[in-house]
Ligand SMILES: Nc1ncnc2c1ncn2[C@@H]1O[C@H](COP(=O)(O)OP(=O)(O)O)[C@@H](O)[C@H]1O
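Just one chain is shown here, as structure tokens, and it is the form predicted alone.
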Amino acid sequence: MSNIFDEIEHTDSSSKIIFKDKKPLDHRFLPDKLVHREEQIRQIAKYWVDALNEVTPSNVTLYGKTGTGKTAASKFAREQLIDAANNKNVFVKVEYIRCTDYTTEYQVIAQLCQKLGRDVPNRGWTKGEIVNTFRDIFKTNAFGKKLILIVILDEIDILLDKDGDGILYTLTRTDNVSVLSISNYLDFKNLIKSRVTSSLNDKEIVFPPYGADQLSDILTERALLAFNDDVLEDDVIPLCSAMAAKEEGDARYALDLLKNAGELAFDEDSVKVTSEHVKMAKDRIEHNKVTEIIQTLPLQQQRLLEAILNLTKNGEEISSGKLYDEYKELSKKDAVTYRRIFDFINELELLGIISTNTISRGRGKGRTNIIKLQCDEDLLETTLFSI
């Protein structure tokens, strides 16, 4: 048998009928310019410029929904600052930490130590030992210069939710260290104590969702890098942009649509990417997203979804009480409490799998939560059956 990877690589190379280079369609790709985020980059630079004079910059927090360019803007500003610091012979380091990868204060500090050239274990030391080692780096360094460190904490909400606000307290209380936090939620400071808020004393930059025209500009820039000439039909980018604008202006979603549409065109041996490929890409993305979410839910939430599915197929109006009765039938002795079910309902609604609507039954009859599925019934049934 020939090497399977050689066969796949040969097949993939023929996709160059459609693609020049897929990398620009990845949301992690950093282009030479970020359209429609110039103002936010300029604001970051305004707060970071002190580092070029060996002064610790202000702490900064970036707010905005997923896909609004927060990570890209911070990385773009990082590259520019490092370049300027090298030209001025100033010792500035900007380290990026994704908090989905490092979920405790210890892990973050250990990673920073390692990035700064100090060998420390990933576990086993006390908090005091790891923090003291980190702070010692700023007292003595091999370069004989004052070190200014800027730490980018991306998706900080996850870290704070799991590990508390100790990391912010440690970093903001360390000399020569500045923090840029990236959050999807405007109320992220509700997760930190007042003493940490005072120590943080941050400057805030809001990233609004992209409009359809802005998304179209972004996709046009990336398409020039990613696709061969005359491959995209004229209505492809406007359709991707309009669909993504409905998803709260999410540029990641727009890029995924365009990339998947191109891959579907290649799979069909088409020499053009059409609006039909975009519509098919939308179905593929939503299918994959819903399936992945359902498969990773805890067992009790999967059972609750099965109960909602059963009641939906029976054409019943789903109140929380009726849902709990159906859920108990499925769970038998393993059922959780009625109060806990409300937590599950809230979590499933946040994921976009269900919706709830509180209605009044009339005077003296109180109010009732009505629950509805927001994903395809057949897709849900197939996914639950596979589990």
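The shown structure was predicted, so the numbers you read here are calculated from the model rather than taken from an experiment. In case it trips you up, residue 1 is the first one in the sequence shown, and so on.
The discussion below concerns the form predicted together with the ligand, not included here.
Using a 4.5 angstroms heavy atom cutoff to the ligand in the model of the complex, none of Lys22, Asp230 and Gly262 count as contacting. Here the chain stands by itself, but in the model of the complex one stretch of 323-331, 58-66, 336-344, 349-357, 58-66, has heavy atoms within 4.5 Å of the ligand. Contact check for Arg252: a non-hydrogen atom falls within 4.5 Å of the ligand in the model of the complex. Interface residue remark: Asp26 is counted as part of the site for the ligand in the model of the complex, having a heavy atom within 4.5 Å.
Residue contact check for Thr71: one or more of its heavy atoms lie within 4.5 Å of the ligand in the model of the complex. In the model of the complex, the ligand sits within 4.5 Å of a heavy atom of Ile218.
Residues Tyr210, Ile218, Arg222 are the members of 203-224 with a non-hydrogen atom no more than 4.5 angstroms from the ligand in the model of the complex.
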